[in-house]
Ligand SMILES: NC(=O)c1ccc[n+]([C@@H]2O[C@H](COP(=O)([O-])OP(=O)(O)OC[C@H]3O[C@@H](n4cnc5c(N)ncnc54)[C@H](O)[C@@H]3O)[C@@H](O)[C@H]2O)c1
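The chain below stands alone and is given as structure tokens, in the form predicted alone.
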Amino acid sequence: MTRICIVGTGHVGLVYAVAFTLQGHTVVGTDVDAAAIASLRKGKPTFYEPGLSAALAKARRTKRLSFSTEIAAEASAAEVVFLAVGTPSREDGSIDTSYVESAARTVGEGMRAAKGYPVVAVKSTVIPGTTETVVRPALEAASGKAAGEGFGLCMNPEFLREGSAVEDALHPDRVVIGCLDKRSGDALARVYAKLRAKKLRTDLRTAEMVKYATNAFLATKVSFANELADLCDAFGGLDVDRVVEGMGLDARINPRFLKAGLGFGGSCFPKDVRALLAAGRASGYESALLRATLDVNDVQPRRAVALAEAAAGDLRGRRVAILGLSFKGGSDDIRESRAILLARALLEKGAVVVGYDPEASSAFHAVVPDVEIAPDAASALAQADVCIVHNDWPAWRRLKAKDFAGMRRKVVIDGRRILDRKAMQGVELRVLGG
């Protein structure tokens, strides 16, 4: 088994630290955030992810998982070091690689004393060329060693879905290994040797592009589905789900991610599409398709506002409840949540907005403080004129007409097409996409 050091204990780093441990490796998760490390040493994750608390507890019981703030020291003793730090967006949409570069320098300092042929694998999402032009120079300068001679270098993109990240890491459906040389790739391949997953070996830049291409394609499918739903509404009497079902009969069309809703959010799709768009622009190519994908996504929350106005009239002074504030059910992540745009659009209309989410309420309130936060769904719905179901928590699927009895006017906008229409008798239900 492999001695692994993971730099970064956020949504990607911590999940992989737990998964690699449960797969038999010895792992240390490192971070500059001392409070996060202190929490993890007590067995408490710093974010919500279904199954993560139990998986972390199980991994800790193996005695092969530890956490540390001493990044350089832990990197020096590792056979494989994964960089799993953030690459946030700049104002122009391009990614900020400063965290990756800083982490690489620290790891490089630790590798000065390292023996053998340690391998550094980038898991952070980075634009093609970053591993070679940012990470490699930082590692070489700090370690005094040459990549391909004194240490190995790989790019190993992650494909975790928030809400099912633990399962995705434990049982991936594919593993992509971009490597500087065969020796580097072989070392990283040993980490995944026991996993029954499709595996692709390629160069560094291709591996970087695979991640962006995947997310951009899925985001485009979502925006296409939303455009399709809007067209179905415009034509009238059409159910977008039935249209998609018919499309899916064509063997060339995979109907997954063709689910109409209020748009995509989270830490990946919006950021990665913007980054790819910005990188293409910097290279002299303007992608009309990616621009349109983002434009549709930004407009989509206002479709719910339009449906609410069509049903309830002027929203000024009306009480509007939003069920679901995280970008998707099963997560406490509000990054790029369409509920933020939705709430702000409602506030612009003069509505009184109240929201509830099983996990993300406090984080959402910090971003949109003018939204009243309810302690539960019933309280959010009490005396509301309109309810908008924003995300897809399983609890929303089980809602029935009686659950909306406390509303002043029972206007319900199903922004995710998840409510049981037969169970909504007595409710004025409006569904995005017919």
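Since this is a predicted model, take the numbers as computed values, not measurements. Start at 1 with the first residue shown and count on from there.
The following text describes the form predicted together with this ligand, which does not appear among the structures shown.
Comment: this ligand is not present in this chain, but in the predicted bound form one of Ala103, Ala321, Ala121, Ala339 has a heavy atom within 4.5 Å of it, namely Ala103.
Proximity to this ligand in the predicted bound form, defined as a heavy atom within 4.5 Å, holds among Ser361, Thr125, Asn297, Thr130 only for Thr125. Screening 156-164, 249-257, 298-306, 236-244 for residues having heavy atoms within 4.5 Å of this ligand in the predicted bound form returns a single hit, 156-164.
Residue contact check for Tyr117: none of its heavy atoms lie within 4.5 Å of this ligand in the predicted bound form.
At a distance threshold of 4.5 angstroms between non-hydrogen atoms, Asp33 is in contact with this ligand in the predicted bound form.
This ligand in the predicted bound form comes within 4.5 Å of no heavy atom belonging to Tyr192. In the predicted bound form, this ligand stays beyond 4.5 Å of every heavy atom belonging to Leu262. Contacts between stretch 77-96 and this ligand, counted in the predicted bound form as any heavy atom lying within 4.5 Å, involve Ala84, Val85, Gly86, Thr87, listed in sequence order.
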